[in-house]
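One chain follows as structure tokens, the form predicted on its own.
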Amino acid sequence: MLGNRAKWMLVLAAVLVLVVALAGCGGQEQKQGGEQPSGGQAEIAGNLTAVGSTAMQPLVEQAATQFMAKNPKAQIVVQGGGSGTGLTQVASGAADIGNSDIFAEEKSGIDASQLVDHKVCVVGMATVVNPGVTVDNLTKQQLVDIFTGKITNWKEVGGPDQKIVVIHRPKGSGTRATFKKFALGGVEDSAPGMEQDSSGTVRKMVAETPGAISYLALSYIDNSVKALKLDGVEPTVQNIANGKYPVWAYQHMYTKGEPTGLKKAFLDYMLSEEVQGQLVEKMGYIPITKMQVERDAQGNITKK
């Protein structure tokens, strides 16, 4: 039998154990509570400017419209100007987001190490001609010969006896850089011709100019122009995704440093199911998740 003193000692020990246990639980609850959101999502508001690639412009404009409808206090302005302009402006701080078809490392005159790459999807690019041109396919060499001025008449590649009218893109165009690198094998497109800086204008001019040839992002191609095969391969989503058709580019949205606030919220939205699973494909782009190959800034392709 325990004496009264021993009983009181046991009771006191039990109380101490209970107090310590309760203190531990209280600390754990406090710690977990600190990791949880403070409650209530912060309101998204502010102004943002995204500038650059005209190939990306329709997608970013539509996504911005949807985003602003959900967040009435956010104002997003989307402008074209070409990938070179987008990279230059985001690097200088003149724009919040620089939209680009090319990697920042491919653009001379900027410090790519300061920019953060956000790849939102892929876009294919195709050679397009006026619908009156009966040619359906060109080899890479024929394409080089046309865009360097060696071939000047469609009859030289199996088409009608008709002068070839070349429509170029300006030097800062990401579409031009991608086409030159992957369709022309890096050869400069030096043939005499017109130059247009907007994808929409290029499509209009090819559609209205007999014998015209140029190149466009697939998102711009409609029944007013004809897309050609390259070395017998059609510029389709499937052929791009599996690596058979080589003329495609990532759609980059660059920020100067890691994005915060409205920039982060909008970029997160670009990668949301609402944009990736619906808008991207609806507008002729390819979700990154569908790509079976990937490419680095040097143009090296690897299987995923």
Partner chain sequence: MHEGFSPAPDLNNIYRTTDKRNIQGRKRCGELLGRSVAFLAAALVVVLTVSIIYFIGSKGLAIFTVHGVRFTEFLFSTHWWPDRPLEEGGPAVGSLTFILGSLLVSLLAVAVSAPLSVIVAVFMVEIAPVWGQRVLQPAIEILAGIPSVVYGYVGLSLLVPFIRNYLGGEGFSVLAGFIVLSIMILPTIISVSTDSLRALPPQWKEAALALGSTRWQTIRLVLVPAARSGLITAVVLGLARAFGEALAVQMVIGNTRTIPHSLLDPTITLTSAITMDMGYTIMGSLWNSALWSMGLILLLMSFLFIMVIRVVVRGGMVR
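Residue numbers count along the first chain shown, from 1. Nothing here was measured: the structure is a model prediction, and the numbers come from that model.
One more form of this protein exists, namely the form predicted in complex with the partner chain; it is left out here, but the text below deals with it.
Contact with the partner chain, judged by heavy atoms within 4.5 Å in the predicted complex, is confined among 152-160, 137-145, 118-126, 207-215 to 207-215. Although the partner is absent from this view, E105 stays clear of the partner chain in the predicted complex, with no non-hydrogen atom inside 4.5 angstroms. Among heavy atoms of V165, some come within 4.5 Å of the partner chain in the predicted complex.
Contact check for G82: a non-hydrogen atom falls within 4.5 Å of the partner chain in the predicted complex. Contact check for K171: a non-hydrogen atom falls within 4.5 Å of the partner chain in the predicted complex.
Checked against the partner chain in the predicted complex, the residues S224, Q114, Q75, T201 give one hit for a heavy atom within 4.5 Å, which is T201.
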